[in-house]
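The data below hold one chain only, encoded as C-alpha coordinates and taken in the form predicted alone.
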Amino acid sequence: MTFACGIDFGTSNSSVGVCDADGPRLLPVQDGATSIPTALFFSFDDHSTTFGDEALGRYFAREPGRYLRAIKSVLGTRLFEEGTRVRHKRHSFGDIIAAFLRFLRSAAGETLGELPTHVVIGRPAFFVDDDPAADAAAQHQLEAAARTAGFSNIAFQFEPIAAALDYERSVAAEEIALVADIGGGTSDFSVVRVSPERARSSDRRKDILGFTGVHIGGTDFDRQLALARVMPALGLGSRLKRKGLHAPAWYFHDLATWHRINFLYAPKVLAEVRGVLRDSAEPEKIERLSRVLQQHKGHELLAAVEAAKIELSGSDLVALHSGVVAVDLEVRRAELEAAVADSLQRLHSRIEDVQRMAGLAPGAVSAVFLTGGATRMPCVRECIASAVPDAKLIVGDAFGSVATGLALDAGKRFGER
(Lines give C-alpha, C1' and ligand atoms only; values in the text may rest on other atoms or scores of the structure.)
Protein backbone atom coordinates (compact mmCIF):
# COMPACT_ATOMS: atom_id res chain seq x y z
CA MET A 1 0.00 0.00 0.00
CA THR A 2 1.19 3.50 -0.85
CA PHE A 3 0.69 6.03 1.90
CA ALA A 4 0.35 9.50 0.39
CA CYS A 5 -0.40 12.79 2.05
CA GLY A 6 -0.59 16.47 1.29
CA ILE A 7 1.47 18.95 3.31
CA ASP A 8 0.75 22.64 3.57
CA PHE A 9 4.13 23.89 4.79
CA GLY A 10 3.25 27.48 5.57
CA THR A 11 5.19 30.50 6.71
CA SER A 12 3.09 30.81 9.87
CA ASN A 13 1.21 27.50 10.16
CA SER A 14 1.40 23.99 8.71
CA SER A 15 -1.09 21.14 8.21
CA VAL A 16 -1.23 17.59 6.84
CA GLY A 17 -4.11 15.96 4.95
CA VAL A 18 -4.89 12.56 3.45
CA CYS A 19 -7.54 11.32 1.06
CA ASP A 20 -9.09 7.85 1.06
CA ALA A 21 -12.39 6.27 0.06
CA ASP A 22 -14.23 8.50 2.53
CA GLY A 23 -12.74 11.66 1.04
CA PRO A 24 -10.10 14.13 2.23
CA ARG A 25 -9.46 14.86 5.88
CA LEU A 26 -6.93 16.75 7.97
CA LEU A 27 -4.81 14.76 10.38
CA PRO A 28 -4.11 15.67 14.01
CA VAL A 29 -0.54 16.88 14.21
CA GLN A 30 0.00 17.87 17.83
CA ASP A 31 -2.33 17.40 20.82
CA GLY A 32 -5.30 16.95 18.49
CA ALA A 33 -4.67 20.19 16.55
CA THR A 34 -4.70 19.90 12.75
CA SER A 35 -2.77 23.15 12.27
CA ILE A 36 0.36 24.08 14.19
CA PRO A 37 2.75 27.04 14.11
CA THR A 38 5.69 26.55 11.76
CA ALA A 39 8.14 26.98 14.61
CA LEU A 40 11.06 25.19 16.24
CA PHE A 41 12.73 25.55 19.62
CA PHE A 42 16.26 24.33 20.35
CA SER A 43 16.55 23.87 24.11
CA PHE A 44 19.82 24.81 25.80
CA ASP A 45 18.80 22.84 28.89
CA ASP A 46 18.16 19.34 27.55
CA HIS A 47 19.45 19.86 23.96
CA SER A 48 16.13 18.72 22.52
CA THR A 49 14.33 20.19 19.51
CA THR A 50 10.59 20.72 19.70
CA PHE A 51 8.07 21.90 17.15
CA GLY A 52 4.81 23.75 16.72
CA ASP A 53 2.83 24.71 19.81
CA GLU A 54 5.33 22.99 22.10
CA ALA A 55 8.13 25.13 20.64
CA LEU A 56 6.03 28.24 21.16
CA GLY A 57 5.20 27.22 24.73
CA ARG A 58 8.81 26.60 25.70
CA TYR A 59 9.89 29.93 24.24
CA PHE A 60 7.20 31.89 26.09
CA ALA A 61 7.99 29.96 29.28
CA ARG A 62 11.40 31.67 28.92
CA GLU A 63 13.32 28.43 28.83
CA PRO A 64 16.89 29.02 27.64
CA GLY A 65 17.11 28.17 23.95
CA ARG A 66 16.84 29.32 20.36
CA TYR A 67 13.43 29.96 18.76
CA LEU A 68 12.90 29.91 15.00
CA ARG A 69 9.80 30.90 13.09
CA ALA A 70 8.89 31.73 9.47
CA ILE A 71 11.61 29.37 8.21
CA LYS A 72 9.84 29.04 4.84
CA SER A 73 10.82 32.65 4.14
CA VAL A 74 14.51 31.76 3.76
CA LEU A 75 13.92 29.45 0.77
CA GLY A 76 15.54 30.86 -2.34
CA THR A 77 17.39 33.59 -0.42
CA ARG A 78 21.01 34.08 0.60
CA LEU A 79 20.05 33.31 4.19
CA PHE A 80 19.33 29.71 3.20
CA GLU A 81 22.97 29.21 2.27
CA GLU A 82 24.29 31.00 5.35
CA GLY A 83 22.43 28.86 7.87
CA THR A 84 22.09 29.87 11.50
CA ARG A 85 24.08 29.26 14.68
CA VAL A 86 22.57 27.55 17.71
CA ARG A 87 25.04 27.91 20.55
CA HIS A 88 28.33 26.53 19.20
CA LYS A 89 26.94 24.67 16.19
CA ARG A 90 25.90 26.06 12.82
CA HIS A 91 22.72 24.50 11.40
CA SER A 92 21.80 24.57 7.73
CA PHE A 93 18.29 25.74 6.95
CA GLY A 94 17.91 22.68 4.75
CA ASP A 95 18.34 20.47 7.82
CA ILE A 96 16.07 22.69 9.91
CA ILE A 97 13.25 22.52 7.35
CA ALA A 98 13.81 18.77 6.96
CA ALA A 99 13.45 18.35 10.74
CA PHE A 100 10.12 20.15 10.70
CA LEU A 101 8.85 18.09 7.74
CA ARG A 102 10.03 14.92 9.49
CA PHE A 103 7.95 15.93 12.51
CA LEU A 104 4.87 16.35 10.30
CA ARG A 105 5.54 12.99 8.63
CA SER A 106 5.88 11.25 11.99
CA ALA A 107 2.65 12.82 13.24
CA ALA A 108 0.84 11.58 10.12
CA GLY A 109 2.31 8.11 10.60
CA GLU A 110 0.93 7.91 14.14
CA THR A 111 -2.61 8.31 12.77
CA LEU A 112 -2.17 6.25 9.60
CA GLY A 113 -0.31 3.41 11.29
CA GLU A 114 2.56 3.73 8.82
CA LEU A 115 4.78 6.58 7.72
CA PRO A 116 3.66 8.16 4.43
CA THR A 117 6.19 7.80 1.62
CA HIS A 118 4.51 9.93 -1.08
CA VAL A 119 3.63 13.58 -0.67
CA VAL A 120 2.23 16.56 -2.53
CA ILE A 121 3.64 19.75 -1.00
CA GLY A 122 2.04 23.12 -1.53
CA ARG A 123 4.08 25.95 -2.96
CA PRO A 124 3.25 29.62 -3.57
CA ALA A 125 2.98 31.04 -7.07
CA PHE A 126 6.37 32.64 -6.39
CA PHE A 127 8.72 31.82 -3.54
CA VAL A 128 10.76 34.83 -4.66
CA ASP A 129 9.26 37.71 -6.63
CA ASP A 130 10.70 38.56 -10.06
CA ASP A 131 13.57 36.05 -9.87
CA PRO A 132 12.80 32.76 -11.70
CA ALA A 133 16.21 31.27 -10.84
CA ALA A 134 15.77 31.92 -7.10
CA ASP A 135 12.21 30.61 -7.29
CA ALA A 136 13.38 27.36 -8.91
CA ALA A 137 16.14 27.07 -6.30
CA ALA A 138 13.58 27.46 -3.51
CA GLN A 139 11.49 24.53 -4.78
CA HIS A 140 14.63 22.42 -5.21
CA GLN A 141 15.67 23.24 -1.61
CA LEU A 142 12.23 22.29 -0.30
CA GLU A 143 12.24 19.06 -2.31
CA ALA A 144 15.66 18.12 -0.95
CA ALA A 145 14.46 18.78 2.61
CA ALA A 146 11.39 16.58 2.03
CA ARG A 147 13.61 13.78 0.75
CA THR A 148 15.85 14.13 3.81
CA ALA A 149 12.68 13.90 5.94
CA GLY A 150 11.98 10.46 4.46
CA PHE A 151 9.61 11.04 1.54
CA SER A 152 10.54 9.00 -1.54
CA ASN A 153 8.06 10.40 -4.08
CA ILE A 154 7.56 14.17 -3.96
CA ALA A 155 5.29 16.37 -6.06
CA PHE A 156 4.29 20.01 -5.82
CA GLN A 157 1.02 21.84 -6.35
CA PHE A 158 0.38 25.56 -6.28
CA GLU A 159 -1.33 26.50 -3.02
CA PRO A 160 -4.19 28.51 -4.64
CA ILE A 161 -4.91 25.58 -6.97
CA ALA A 162 -5.07 23.26 -3.95
CA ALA A 163 -7.52 25.64 -2.28
CA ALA A 164 -9.61 25.64 -5.47
CA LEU A 165 -9.82 21.84 -5.31
CA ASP A 166 -11.20 22.15 -1.79
CA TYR A 167 -13.72 24.83 -2.81
CA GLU A 168 -14.88 22.75 -5.78
CA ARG A 169 -16.33 20.13 -3.45
CA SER A 170 -19.07 22.61 -2.50
CA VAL A 171 -20.18 23.83 -5.95
CA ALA A 172 -23.37 22.57 -7.58
CA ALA A 173 -22.79 23.89 -11.09
CA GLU A 174 -19.95 25.15 -13.26
CA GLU A 175 -18.54 28.54 -12.35
CA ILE A 176 -15.40 30.61 -12.61
CA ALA A 177 -13.87 31.20 -9.21
CA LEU A 178 -11.05 33.39 -7.97
CA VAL A 179 -9.12 31.75 -5.15
CA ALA A 180 -7.38 34.23 -2.85
CA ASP A 181 -4.88 32.55 -0.53
CA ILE A 182 -3.35 35.19 1.77
CA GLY A 183 -0.96 33.33 4.02
CA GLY A 184 1.80 34.26 6.39
CA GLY A 185 4.43 34.95 3.74
CA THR A 186 2.78 35.08 0.32
CA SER A 187 -0.47 36.05 -1.37
CA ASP A 188 -1.53 33.84 -4.27
CA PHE A 189 -4.42 34.22 -6.67
CA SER A 190 -5.81 31.77 -9.20
CA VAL A 191 -8.75 31.86 -11.57
CA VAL A 192 -10.15 28.36 -11.99
CA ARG A 193 -13.12 26.84 -13.80
CA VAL A 194 -14.79 24.49 -11.32
CA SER A 195 -17.75 22.10 -11.47
CA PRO A 196 -18.83 18.74 -10.02
CA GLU A 197 -18.07 17.10 -13.38
CA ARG A 198 -14.63 18.65 -13.75
CA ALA A 199 -13.74 17.55 -10.22
CA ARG A 200 -13.62 13.96 -11.47
CA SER A 201 -10.88 14.71 -14.00
CA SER A 202 -7.26 13.90 -13.14
CA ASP A 203 -5.87 16.54 -15.54
CA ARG A 204 -7.07 20.03 -14.66
CA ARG A 205 -4.52 22.09 -16.59
CA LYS A 206 -7.09 23.53 -19.02
CA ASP A 207 -9.30 24.62 -16.10
CA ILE A 208 -6.57 26.84 -14.65
CA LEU A 209 -7.23 30.09 -16.46
CA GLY A 210 -4.58 32.12 -14.69
CA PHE A 211 -2.56 32.39 -11.51
CA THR A 212 -0.10 34.77 -9.95
CA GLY A 213 1.24 35.80 -6.57
CA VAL A 214 3.35 38.22 -4.63
CA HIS A 215 5.60 37.89 -1.58
CA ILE A 216 3.21 39.68 0.78
CA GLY A 217 1.47 38.05 3.72
CA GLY A 218 0.62 38.21 7.39
CA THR A 219 4.23 38.46 8.52
CA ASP A 220 4.65 41.53 6.30
CA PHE A 221 1.63 43.11 7.97
CA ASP A 222 3.27 42.37 11.34
CA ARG A 223 6.44 44.09 10.15
CA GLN A 224 4.63 47.13 8.78
CA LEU A 225 2.57 47.60 11.93
CA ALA A 226 5.65 47.16 14.14
CA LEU A 227 7.61 49.75 12.15
CA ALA A 228 4.77 52.23 12.21
CA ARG A 229 3.65 51.87 15.81
CA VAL A 230 6.25 50.12 17.98
CA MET A 231 9.74 50.67 16.63
CA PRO A 232 9.64 54.48 17.08
CA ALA A 233 9.39 53.81 20.84
CA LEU A 234 12.64 51.81 20.56
CA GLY A 235 14.47 54.50 18.64
CA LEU A 236 13.49 54.23 14.98
CA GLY A 237 13.97 57.73 13.57
CA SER A 238 15.48 58.97 16.85
CA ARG A 239 18.14 61.70 16.77
CA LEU A 240 21.83 61.28 17.49
CA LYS A 241 23.90 63.97 19.19
CA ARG A 242 25.60 64.74 15.91
CA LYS A 243 23.34 67.14 14.05
CA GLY A 244 21.34 65.67 11.20
CA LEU A 245 22.06 62.02 12.04
CA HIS A 246 19.61 59.36 13.22
CA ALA A 247 19.88 55.89 14.71
CA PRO A 248 20.57 53.22 12.04
CA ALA A 249 17.23 52.00 10.69
CA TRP A 250 18.30 48.46 9.87
CA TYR A 251 18.17 47.32 13.52
CA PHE A 252 14.46 48.07 13.61
CA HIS A 253 13.66 46.55 10.23
CA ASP A 254 15.35 43.29 11.26
CA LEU A 255 13.62 43.35 14.64
CA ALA A 256 10.28 43.65 12.84
CA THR A 257 11.04 40.67 10.54
CA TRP A 258 10.38 37.24 12.04
CA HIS A 259 13.17 35.30 10.33
CA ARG A 260 15.84 37.99 10.90
CA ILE A 261 15.38 38.61 14.64
CA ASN A 262 17.97 36.07 15.80
CA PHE A 263 20.74 37.77 13.81
CA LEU A 264 20.40 40.83 16.08
CA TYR A 265 21.57 38.85 19.10
CA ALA A 266 25.13 38.57 17.78
CA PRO A 267 27.76 40.13 20.11
CA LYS A 268 28.91 42.47 17.33
CA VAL A 269 25.40 43.91 16.95
CA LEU A 270 24.93 44.31 20.69
CA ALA A 271 28.22 46.24 20.85
CA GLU A 272 27.10 48.48 17.99
CA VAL A 273 23.84 49.27 19.75
CA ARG A 274 25.73 50.22 22.92
CA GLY A 275 27.70 52.66 20.77
CA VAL A 276 24.48 54.12 19.36
CA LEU A 277 23.19 54.49 22.93
CA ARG A 278 26.23 56.59 23.86
CA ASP A 279 25.68 58.84 20.83
CA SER A 280 21.90 59.09 21.17
CA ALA A 281 20.09 62.37 21.86
CA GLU A 282 17.09 60.23 22.92
CA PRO A 283 18.82 57.53 24.99
CA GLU A 284 15.66 56.28 26.73
CA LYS A 285 14.47 54.91 23.39
CA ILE A 286 17.73 53.17 22.45
CA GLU A 287 17.89 51.77 25.98
CA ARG A 288 14.61 49.96 25.26
CA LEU A 289 16.07 48.54 22.05
CA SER A 290 19.21 47.41 23.89
CA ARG A 291 17.14 45.72 26.59
CA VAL A 292 15.05 43.80 24.01
CA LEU A 293 18.18 42.52 22.30
CA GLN A 294 20.14 41.70 25.44
CA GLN A 295 17.22 39.71 26.84
CA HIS A 296 16.50 38.02 23.48
CA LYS A 297 12.89 39.25 23.54
CA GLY A 298 12.51 40.08 19.86
CA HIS A 299 10.08 37.27 19.08
CA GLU A 300 8.04 38.07 22.17
CA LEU A 301 7.77 41.69 21.08
CA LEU A 302 6.73 40.82 17.54
CA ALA A 303 4.25 38.24 18.86
CA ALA A 304 2.55 41.08 20.79
CA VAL A 305 2.33 43.05 17.55
CA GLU A 306 0.86 40.04 15.76
CA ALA A 307 -1.70 39.56 18.54
CA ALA A 308 -2.73 43.22 18.26
CA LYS A 309 -3.11 42.85 14.50
CA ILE A 310 -5.36 39.82 14.94
CA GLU A 311 -7.43 41.52 17.65
CA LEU A 312 -7.99 44.52 15.40
CA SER A 313 -10.04 42.31 13.08
CA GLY A 314 -12.81 42.58 15.67
CA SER A 315 -12.03 45.88 17.41
CA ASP A 316 -11.26 49.44 16.42
CA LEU A 317 -8.80 50.02 19.28
CA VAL A 318 -6.57 47.54 21.14
CA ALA A 319 -3.80 47.72 23.72
CA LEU A 320 -0.49 46.29 22.65
CA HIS A 321 0.39 43.97 25.51
CA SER A 322 4.11 43.45 25.97
CA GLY A 323 6.20 43.65 29.10
CA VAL A 324 9.29 43.93 26.92
CA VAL A 325 8.77 47.60 26.03
CA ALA A 326 8.20 49.76 29.11
CA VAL A 327 5.68 52.03 27.40
CA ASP A 328 1.92 51.77 27.05
CA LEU A 329 0.85 51.54 23.43
CA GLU A 330 -2.58 51.52 21.86
CA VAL A 331 -3.21 50.70 18.23
CA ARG A 332 -6.22 51.75 16.17
CA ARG A 333 -7.52 49.80 13.22
CA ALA A 334 -7.06 52.90 11.08
CA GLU A 335 -3.35 52.90 12.00
CA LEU A 336 -3.02 49.27 10.92
CA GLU A 337 -4.81 50.01 7.65
CA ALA A 338 -2.52 52.97 6.98
CA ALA A 339 0.57 50.86 7.72
CA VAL A 340 -0.41 48.13 5.24
CA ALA A 341 -1.98 50.38 2.58
CA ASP A 342 0.84 49.99 0.05
CA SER A 343 0.76 46.21 0.39
CA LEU A 344 -3.00 46.16 -0.11
CA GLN A 345 -2.61 48.18 -3.29
CA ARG A 346 -0.15 45.60 -4.59
CA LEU A 347 -2.62 42.82 -3.79
CA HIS A 348 -5.36 44.72 -5.62
CA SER A 349 -3.10 45.07 -8.68
CA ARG A 350 -2.26 41.35 -8.69
CA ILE A 351 -5.96 40.44 -8.65
CA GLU A 352 -6.52 42.71 -11.65
CA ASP A 353 -3.50 41.09 -13.32
CA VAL A 354 -4.76 37.54 -12.89
CA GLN A 355 -8.15 38.44 -14.35
CA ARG A 356 -6.42 39.91 -17.40
CA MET A 357 -4.25 36.79 -17.71
CA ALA A 358 -7.41 34.70 -17.75
CA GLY A 359 -8.92 36.89 -20.49
CA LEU A 360 -12.06 37.48 -18.48
CA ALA A 361 -14.72 40.06 -19.15
CA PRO A 362 -15.88 42.20 -16.18
CA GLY A 363 -18.20 40.19 -13.96
CA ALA A 364 -17.05 36.79 -15.24
CA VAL A 365 -15.81 35.74 -11.80
CA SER A 366 -18.85 34.66 -9.83
CA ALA A 367 -17.22 33.65 -6.56
CA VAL A 368 -14.12 34.50 -4.54
CA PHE A 369 -12.90 31.76 -2.22
CA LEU A 370 -10.89 33.11 0.71
CA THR A 371 -8.29 31.08 2.54
CA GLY A 372 -5.19 31.85 4.60
CA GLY A 373 -5.08 33.51 8.01
CA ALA A 374 -4.64 37.07 6.72
CA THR A 375 -8.02 36.95 4.91
CA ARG A 376 -9.58 37.43 8.35
CA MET A 377 -8.43 41.06 8.30
CA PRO A 378 -11.33 43.35 7.26
CA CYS A 379 -9.06 45.58 5.17
CA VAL A 380 -7.79 42.56 3.23
CA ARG A 381 -11.32 41.39 2.48
CA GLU A 382 -12.32 44.89 1.43
CA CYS A 383 -9.30 45.05 -0.88
CA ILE A 384 -10.23 41.76 -2.55
CA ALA A 385 -13.92 42.65 -2.83
CA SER A 386 -13.10 45.99 -4.47
CA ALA A 387 -11.11 44.18 -7.18
CA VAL A 388 -13.95 41.72 -7.92
CA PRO A 389 -17.06 43.75 -6.96
CA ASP A 390 -19.67 41.49 -8.59
CA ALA A 391 -18.50 38.23 -7.04
CA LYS A 392 -19.73 36.66 -3.82
CA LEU A 393 -17.15 36.18 -1.08
CA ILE A 394 -16.95 32.67 0.33
CA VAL A 395 -14.86 32.07 3.45
CA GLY A 396 -13.00 28.78 3.54
CA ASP A 397 -11.01 27.09 6.28
CA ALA A 398 -8.25 29.66 6.86
CA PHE A 399 -5.69 27.06 7.92
CA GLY A 400 -7.06 23.87 6.35
CA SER A 401 -8.28 24.49 2.81
CA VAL A 402 -4.87 24.21 1.16
CA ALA A 403 -3.94 21.00 3.01
CA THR A 404 -7.35 19.51 2.12
CA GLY A 405 -6.83 20.32 -1.55
CA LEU A 406 -3.30 18.91 -1.46
CA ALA A 407 -4.70 15.70 0.03
CA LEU A 408 -7.20 15.48 -2.85
CA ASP A 409 -4.35 16.00 -5.31
CA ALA A 410 -2.23 13.36 -3.57
CA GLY A 411 -5.10 10.89 -3.76
CA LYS A 412 -5.43 11.42 -7.51
CA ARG A 413 -1.69 11.32 -8.21
CA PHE A 414 -0.72 8.39 -6.04
CA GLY A 415 -3.89 6.67 -4.78
CA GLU A 416 -3.70 3.67 -2.45
CA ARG A 417 -2.22 0.61 -4.05
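Computed from a predicted model, the values in this text were never measured in an experiment. From 1 onward, residues are counted along the sequence shown.
A second form of this protein, the form predicted in complex with a small molecule, is not displayed here; the remarks below concern that form.
Between the options 376, 66, 58, 350, the residue in contact with the small molecule in the predicted complex by a heavy atom within 4.5 angstroms is 376. In the predicted complex, residue 319 stays away from the small molecule, with no heavy atom inside 4.5 Å.
Among heavy atoms of residue 190, none comes within 4.5 Å of the small molecule in the predicted complex. Within this chain, residue 309 lines the site of the small molecule in the predicted complex, having a heavy atom no more than 4.5 Å away. For residue 223, no non-hydrogen atom is located within 4.5 Å of the small molecule in the predicted complex, even though that partner is not displayed.
Only one segment in the set 42 to 50, 383 to 391, 365 to 373, 23 to 31 has any non-hydrogen atom within 4.5 angstroms of the small molecule in the predicted complex, and it is 365 to 373.
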